[in-house]
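A single chain, nothing else alongside it, follows as structure tokens in the form predicted alone.
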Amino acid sequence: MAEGVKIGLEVHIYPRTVSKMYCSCSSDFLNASPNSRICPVCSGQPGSKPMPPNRRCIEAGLMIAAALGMSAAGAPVRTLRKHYFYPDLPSNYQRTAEPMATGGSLHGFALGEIHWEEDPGQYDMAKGRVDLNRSGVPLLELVTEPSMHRPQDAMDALDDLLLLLQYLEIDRRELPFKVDTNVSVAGGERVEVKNINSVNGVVRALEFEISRQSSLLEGGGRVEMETRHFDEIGGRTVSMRYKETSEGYRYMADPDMLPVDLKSVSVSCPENPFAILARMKDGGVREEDARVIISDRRLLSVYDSAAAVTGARFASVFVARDIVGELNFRKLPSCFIDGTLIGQLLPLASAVHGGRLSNSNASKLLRSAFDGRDIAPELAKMEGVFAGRDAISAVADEVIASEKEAVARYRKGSSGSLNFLVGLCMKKLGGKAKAGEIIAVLRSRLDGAGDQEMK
């Protein structure tokens, strides 16, 4: 990695709102006919007067700020006009607010500010067409300080931000956030790469840009201060225009908008998700599973209920892998898990955790519960009905006698052969045995160590 790399991010977040930032038009611009969700305000018609800023967007920004330890602005926040000329901006200026909060950190990296603004429209350069359905859609822009030094730093920060947005339930999950990156190498000029739509894209764009700037400097060239576009297909950045300075945007207070006193906006924030993550990891939960659970508060509620019965580690596996796996297989949202289903899942988790139910039978009952069937009678019948040691030994002897090739491979060091033999035994026992007990019996036979105590 090149020396003296400085990376900053500008993340544009789409909060969940019904209407646009300064008018009552629908903010749902996806799959709508071009220019079908516009009005004089969001299409920049002369003389049109905007509504006050979308309150839901401001509330979402304050929730993000609180979670990231940012300090809310004390003075009323003004809406500014940011002037530039582009076909997707019919008024020739974009409404953007002063910072609503500053400071704080994301994954340990310093933050600069967060503010609200309106999205411009969409310009298809190839066809020369403009669609203003997106014009005026609310955005929150979170800006970091240039305190990152590796593409991996940006990935870590964005992964944490995505977890926060999903946990707070304020982002539009059908829309990826847009990221602009600012990167400089060895004290050279800062280059901005705009409108990257994925975390992986950010990493690839940074890797290319760091390499490009380093090569220029090593060859005696000079890095120009400019704005570049990331070509997702080619994996490279392409020059768009020379970078404007803040003076070039000719910022001015919007005369049509009154300042917003944030003290009049109250928000209720749930527990910080990063505190929950730390607590779950301290309880032995894998970070990967913890992030899956925290990203959906419905799943987190199920986890909390299960953990009270089985403990953190088991509950995390049960929720993040078994339950989420069943939801994904059926292509169901987490809201499918209602109180009735939870009432069936908790006794099931308790039975497996307590060793009263085999994993194979648990899987069958889990599917039945998702099918809407009452599994209580079947669970009561299955609990505790396990094959005894004599039955396991008899089946193990039968399998060993019939699978001589697998036995030979195991004795030559093939661990996969042992799994194969365990599976055959489990099948013959109808799932009514614990895998650990079958393994102990098989090893006692195959390793010639006598009839060892089963653990």
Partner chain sequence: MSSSHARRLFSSRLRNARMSQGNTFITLSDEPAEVPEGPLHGVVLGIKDNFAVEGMRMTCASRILDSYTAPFDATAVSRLKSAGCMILGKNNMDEFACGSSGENSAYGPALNPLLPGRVAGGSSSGSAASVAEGLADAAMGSDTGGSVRCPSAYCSVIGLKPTYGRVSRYGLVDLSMSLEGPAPMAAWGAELTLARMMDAVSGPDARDQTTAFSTRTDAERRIDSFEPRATKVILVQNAVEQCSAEVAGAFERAISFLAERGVSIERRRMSSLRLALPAYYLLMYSEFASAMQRFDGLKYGRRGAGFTPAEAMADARSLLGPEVRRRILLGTYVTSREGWSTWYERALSAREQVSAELTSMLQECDYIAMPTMPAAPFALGERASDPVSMYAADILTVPANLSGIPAGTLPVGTGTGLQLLAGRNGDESIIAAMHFFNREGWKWRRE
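The shown structure was predicted, so the numbers you read here are calculated from the model rather than taken from an experiment. Positions refer to the first chain, counted from 1.
Separately, the form predicted together with its partner chain exists; it is not shown, and the next lines address it.
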Just give me the single entry in Gly311, Pro87, Pro99, Pro146 that has a non-hydrogen atom within 4.5 angstroms of its partner chain in the model of the complex.
Pro87
If you check Val395, Ile58, Ala406, Val41 against its partner chain in the model of the complex, which one has a heavy atom within 4.5 Å?
Val41
Of these, 256 to 264, 183 to 191, 318 to 326, 281 to 289, which stretch puts a heavy atom within 4.5 angstroms of its partner chain in the model of the complex?
256 to 264
Ser402 versus its partner chain, in the model of the complex: is there a non-hydrogen atom within 4.5 Å?
no
Interface membership of Gly413, its partner chain in the model of the complex, 4.5 Å heavy atom rule:
no
Taking heavy atoms only, is Ser91 within 4.5 angstroms of its partner chain in the model of the complex?
yes
If you check in the model of the complex, is Ser36 within 4.5 Å of its partner chain, heavy atoms only?
no
